[in-house]
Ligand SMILES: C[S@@+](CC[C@H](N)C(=O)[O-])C[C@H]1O[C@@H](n2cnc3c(N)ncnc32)[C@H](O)[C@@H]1O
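Take a look at this single chain in C-alpha cells; it is the form predicted alone.
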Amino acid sequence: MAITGILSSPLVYDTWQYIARGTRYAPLFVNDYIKARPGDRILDIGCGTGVLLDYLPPVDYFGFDMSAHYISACRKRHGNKGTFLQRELTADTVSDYEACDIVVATGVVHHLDDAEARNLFAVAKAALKPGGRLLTLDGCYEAGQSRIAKMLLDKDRGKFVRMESGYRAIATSVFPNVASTVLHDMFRLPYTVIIMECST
C-alpha cells in the first residue's frame, strides 16, 4: 500500500505524527503562535484528526477536512467540543459560516500549487473578522538545513514544499501583513518548518 493510503488511517496518521513531531509541537504552536483566547471562533482548514483542539482553551471550533476517516476520528475524539465537517471550504461556501477570529491551516499549503495556495489564502481572508489572523505551518526548504531534514521534505506527501520566500510571495499577494518564522527544532525528527501569521 502506498504511503498516502497508509496515512489515510487515523490511527496510523496519529502514530506517524507522534513519531515525527513528538509531544512538543502542538502545545508550542497553540501557545506561542495561535494564542487563542476563550470564546474565540476558530476555523481549522485541513484539521486532520483534530489534535490541536486538545491544547486550545474553550473556543468555538470548526474543523474542516476532506477525509471522512479523519472527520469520523475527530467526532469520536472530541464529541461536541467542536464542529467537524467533511467539506471543502471554498469562496462559495465560506460565507455559510460566521466570520472567525482565527483561521489555522497546518500542513496544508505545501500540498497546493501556487494558484491553489493563493485561493486558500483568499478563502481564509474572507473567513476572518476584521483584525483576525491566519496561521499556517508547513515544511520549508532552507539553504544549509540538515541533510535529514531535506531528505524528509523531499519525501513528503506534499509536492509543493517551498523556500521561505516562495511561501511569503503567495501570502503577501493576499494579506498586507505577513510575519514568518523558520524553525529547525519544532519536531522530534530533524525537520524545517515555516510558520506564517497573516493579518489585514
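Worth saying up front: this structure is predicted, and the values here are computed from it rather than measured. Numbers follow the displayed sequence, beginning with 1.
Beyond what is shown, the protein has a form predicted together with the named molecule; the following relates to that form.
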Revision key, fill the gap. Checked Leu28, Met163, Met66, Met151 for heavy atoms within 4.5 Å of the named molecule in the predicted bound form; positive is Met66
Review point. Using a 4.5 Å heavy atom cut-off, which stretch among 44-52, 143-151, 166-174, 127-135 contacts the named molecule in the predicted bound form?
Key: 44-52
Point to revise | the named molecule contact at Glu88 in the predicted bound form, heavy atom, 4.5 Å | key: yes
Check your understanding: If you check in the predicted bound form, is Tyr70 within 4.5 Å of the named molecule, heavy atoms only?
Key -> yes
Point to revise | Partner contact for Val108 in the predicted bound form: the named molecule, 4.5 angstroms, heavy atom | key: yes
Exercise for review: State yes or no: in the predicted bound form, is some non-hydrogen atom of Lys35 no more than 4.5 angstroms from a non-hydrogen atom of the named molecule?
Suggested key: no
